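Shown here is one chain on its own, the form predicted on its own, set out as structure tokens.
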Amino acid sequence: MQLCIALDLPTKEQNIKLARELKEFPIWLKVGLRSYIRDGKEFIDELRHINPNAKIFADLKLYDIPNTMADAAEELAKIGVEMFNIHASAGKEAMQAVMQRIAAYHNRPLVLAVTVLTSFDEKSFHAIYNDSIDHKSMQFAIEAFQAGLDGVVSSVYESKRIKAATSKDFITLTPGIRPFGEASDDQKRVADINTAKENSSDIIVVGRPVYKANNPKEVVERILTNI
């Protein structure tokens, strides 16, 4: 299991400060939509300078027509991020277009499909997709596997079943992790480290429990010890 820290703070300066505090750890650093729109490629370059051992996850959740998604994926491959994600609900054709476009790149990024956002509960999900979270997330994961993606973003609670339906090597990245039972805030389907282990999560994403802590470095050390 690997650890990914969400750089979701309100300003670039705060995110950079957090990255510097954690510079000694071989972790993933998640750059989300707000940070990327505001701070761009230069922010990613700065993170690499601060921590050469960190890997960058561009959490941009691409969702558009297939060719536009493939164009965006190619630009991310050129930037050199180690991983990015797209929405599985864009469809298998779009997922295949992305993988075909970046196939020729040396050390291409890992590509994950978002199945069901962790902010959904059953009622809100059904209102949009007219289906259950369990059924639709599995369908999305299988389609992503068939399209050649490297894995999915899912809640902890779908991880083990997704691997059973695809491959043990199909990556599950699980957000909504509250390592030691912290408050769930605006996410519905959260889990602690032990639950993530039990469900075979490959990469856990932790945000607020780290960056809201008085000593983020100490929290990360404790998480790494437990995983």
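When you see a residue number, it is the position in the sequence shown, counting from 1. Small disclaimer: the values here were computed from a predicted structure and weren't measured.
There is another form of this protein, the form predicted together with a small molecule, and it is not shown here; the text below is about that form.
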Each of T118, V153 and G207 within 4.5 Å of the small molecule in the predicted complex, by any heavy atom, yes or no? yes
For K163, is any heavy atom within 4.5 Å of the small molecule in the predicted complex, or not? no
How about E221 - does it come within 4.5 Å of the small molecule in the predicted complex, if we only consider non-hydrogen atoms? no
So, L3 and the small molecule: in the predicted complex, are they within 4.5 Å at any heavy atom pair? no
Is there a heavy atom of R48 lying 4.5 Å or less from a heavy atom of the small molecule in the predicted complex? no
Tell me, please, which stretch of 38-46, 194-202, 65-73, 170-178 lies within 4.5 angstroms of the small molecule in the predicted complex when heavy atoms are compared? 170-178
